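Shown here is one chain on its own, the form predicted alone, set out as structure tokens.
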Amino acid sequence: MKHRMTQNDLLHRLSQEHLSLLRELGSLADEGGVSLYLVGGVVRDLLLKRENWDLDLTVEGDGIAFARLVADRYGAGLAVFERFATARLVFPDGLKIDIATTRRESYEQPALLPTVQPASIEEDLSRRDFTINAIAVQLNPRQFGRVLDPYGGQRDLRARTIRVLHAGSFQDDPTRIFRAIRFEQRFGFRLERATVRLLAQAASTNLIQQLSGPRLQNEILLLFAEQYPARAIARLAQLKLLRFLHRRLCYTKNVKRTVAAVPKALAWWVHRFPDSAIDRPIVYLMALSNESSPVVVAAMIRRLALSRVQAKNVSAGGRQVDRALKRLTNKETARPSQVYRLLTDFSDEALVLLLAKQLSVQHGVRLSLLKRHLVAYVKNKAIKTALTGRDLQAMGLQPGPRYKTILGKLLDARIDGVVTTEADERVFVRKWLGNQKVQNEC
């Protein structure tokens, strides 16, 4: 067992609030007669001096019983997952902590979820994906801050290396292929030579095809949620892994340029509209698939088991965006209402993609024009007519389909500045109705 750091070197990098809580939980573990450890990504990130507030704990003993003890002591909400011997606690202040029983895992078939059995902390660490994630810190008072690193994780962190713990790792769980790429790009690490060979072997098979849609979706969207997804997407293309989204999904030069332009488009959008909540991973998925046919996109949506909202966004990421972009960058005299009608069904994600596509090809007059249109459109979305259907009825109009037409024309007039008051709207409606009557008589 290797011990390279002490409590003062490592756990004191936590906030005082979290450090105090972990001390208390360590004392509670002593009361329950179990050994308690901080494990996983938070230990790795503490060693790298990176922020990570995901506190994952593992118990050498009955983890679920300990989680119940913690829930009772702190009044925390508790969700138990018996199959995996894990529990999730939500404290009154909103803090979430996952608590698991130290366990070994066995895989009846590759790519399926594992069967778990209680085991020692050393065996628990051995089932992890990479050595850099197989480090634990003990929290019991007498051993508080003791670092357990049986597989050389600290060595690999210093060497900026990602290494699997055993040769069958990727076969056991093909999602580790995506996690290897994610950590490689996030930290700027390199894959250890044997790990590269094992990953390439696993990637050349159809193991990933055996993953369920939700599991594949989770890994892809986590990858696309990284700070620089373009590098990860390029790596997926290099390893020929995009075929698992669809065999005809191609990483062309145009797609590559669009993906590379997404960060700049997102930065502009967030700066200009700070209250907008953008689903960043979905924007990258839209950019990746924006040149694919509707048939390919529909199949990819089904493969990833995307939600209805996600599916709608990704479906709109192709020809619909291209048509809008062509009109918005070629019509300098387009009325604000025309822009509004053109974009009214677009999500914010589709608007970001629209901007990224223009950024990918041109940075001059057309880009400035597009930005002006987008700013005006977002502002105009808040405009409402003063008159409603009830007002139209009070003016003597019989309810019917005409209401939608009239109110639409009225909204266009508001957006274009043709009318500005309720009185203006009434005059506009009467004039429009008069013109319709004349046309009908003709």
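Each residue number is its position in the shown sequence, starting from 1. Computed from a prediction, not measured in an experiment: that's the story for all the values here.
Below, we turn to the form predicted together with adenosine-5'-triphosphate (ATP), even though it does not appear here.
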Find the only residue in Arg127, Arg280, Arg146, Lys256 having a heavy atom within 4.5 Å of adenosine-5'-triphosphate (ATP) in the predicted complex. Arg127
If we test each of Arg272, Arg155, Arg186, Lys96 for a heavy atom within 4.5 Å of adenosine-5'-triphosphate (ATP) in the predicted complex, the one that passes is Arg186
The chain here is shown without adenosine-5'-triphosphate (ATP). Which stretch in 40-48, 407-415, 24-32, 392-400 comes within 4.5 angstroms of it in the predicted complex, by heavy atom distance? 40-48
Contact test in the predicted complex: Asp173 vs adenosine-5'-triphosphate (ATP), heavy atoms, 4.5 Å: yes
Closest heavy atom of Ser347 to adenosine-5'-triphosphate (ATP) in the predicted complex, within 4.5 Å or not? no
Contact of Gln217 with adenosine-5'-triphosphate (ATP) in the predicted complex (heavy atom, 4.5 Å): no
Tell me, yes or no, whether Arg303 is in contact with adenosine-5'-triphosphate (ATP) in the predicted complex, where a contact means a heavy atom of each within 4.5 Å. no
In the predicted complex, does every one of Asp56, Asn133 and Arg182 come within 4.5 Å of adenosine-5'-triphosphate (ATP), counting any heavy atom? yes
